[in-house]
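Here's a solo chain for you in structure tokens, the form predicted on its own.
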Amino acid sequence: MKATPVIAIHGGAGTILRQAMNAEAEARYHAALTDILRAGERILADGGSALDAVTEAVRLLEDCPLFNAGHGAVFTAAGTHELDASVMDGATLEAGAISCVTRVKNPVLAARRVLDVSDHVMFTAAGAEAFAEAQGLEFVDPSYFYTEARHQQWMKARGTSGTMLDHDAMTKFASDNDLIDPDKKFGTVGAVAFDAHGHVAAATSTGGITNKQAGRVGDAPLIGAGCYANDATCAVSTTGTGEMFMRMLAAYDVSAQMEYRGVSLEDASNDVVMNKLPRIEGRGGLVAVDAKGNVVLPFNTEGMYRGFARVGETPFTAIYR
């Protein structure tokens, strides 16, 4: 019997405190995650590909200002926005990625076009924008990505040395009596899916980390670090301390453990997130689905915006540990 198609998404992991989340804010996050899952589920229910489902889910996450991708992206040290994204097709091992774009409305669509039409895997900065423009993708004024919450976060981070992790930046500035506003949690967004044809796919997108140096690229657009898909094993999208996920090749490591050690998706994912990443102070999580339709959503932080939806079933969403 064929497994039921399924999609899983994340909206970032980090210091997300239950006591700081009022009912209205919590409802907004659950509603956004549910709506996006249902959009991806509809594609799968209609026989669409896992690749199309993850692309659409991440596009919608980019359009939602609750998350750090597209509209609502965090600021660089220069007061600008630089966006990264990647997609990978488990059926063909084809991939596409872009980084450091400043005017492309939906970076994941640019990454998808790289996969679909280019002989290359990644474009960056001006070259990525020239490619996207040649493909007829929608461009926006950089002010489109601005939100007041992200601007206030950056203004506070400017007075510190170094960069701030997007999902933890507000923690540094809060006193013991000033709980973190959960609306100011940011992180990479991503999606993985398993379709009716037995294929898997993954997509990841981000605005990066607050006050990052212009030109910094994290794990989100890097195949094997922030995004990986292979029908023989699984599809993975990560979120967290990007440099640590890069050093660990976290997304590929899940697949490699399944292939070379013969372990399950759950065991491989838990080993990467709970054992290997913490050894180098890696914080965050991932969503993954295997070629049998199993889903995991592990994280080693206080919370991770996450959810999954199987065709014909009610979507599941969650925030806290």
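These numbers come from a predicted model, not from an experiment. In this text, residue numbers run from 1 along the sequence as written.
Below, we turn to the form predicted in complex with another copy of the chain, even though it does not appear here.
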- [ ] Just give me the single entry in Ala196, Val121, Leu137, Ala149 that has a non-hydrogen atom within 4.5 angstroms of another copy of the chain in the model of the complex.
- [x] Val121
Task: Sole residue of Val74, Val108, Ala220, Met88 within 4.5 Å of another copy of the chain in the model of the complex, by heavy atom - done: Met88
- [ ] Establish, in the model of the complex, whether Gly47, Asp52 and Phe145 all lie within 4.5 Å of another copy of the chain, using non-hydrogen atoms for the distance.
- [x] no
TODO: Look at the stretches 256-264, 52-60, 37-45, 285-293 and give the one with heavy atoms within 4.5 Å of another copy of the chain in the model of the complex.
DONE: 256-264
Open item on the list: Please determine whether Ala78 contacts another copy of the chain in the model of the complex, using a 4.5 Å cut-off between heavy atoms.
Closed with: no
- [ ] May I ask you to state whether His30 is within 4.5 Å of another copy of the chain in the model of the complex, using heavy atom distances?
- [x] no
Open item on the list: Using a 4.5 angstroms cut-off on non-hydrogen atoms, would Glu243 count as touching another copy of the chain in the model of the complex?
Closed with: yes
TODO: Decide whether Cys100 counts as a contact residue for another copy of the chain in the model of the complex under a heavy atom distance cut-off of 4.5 Å.
DONE: yes
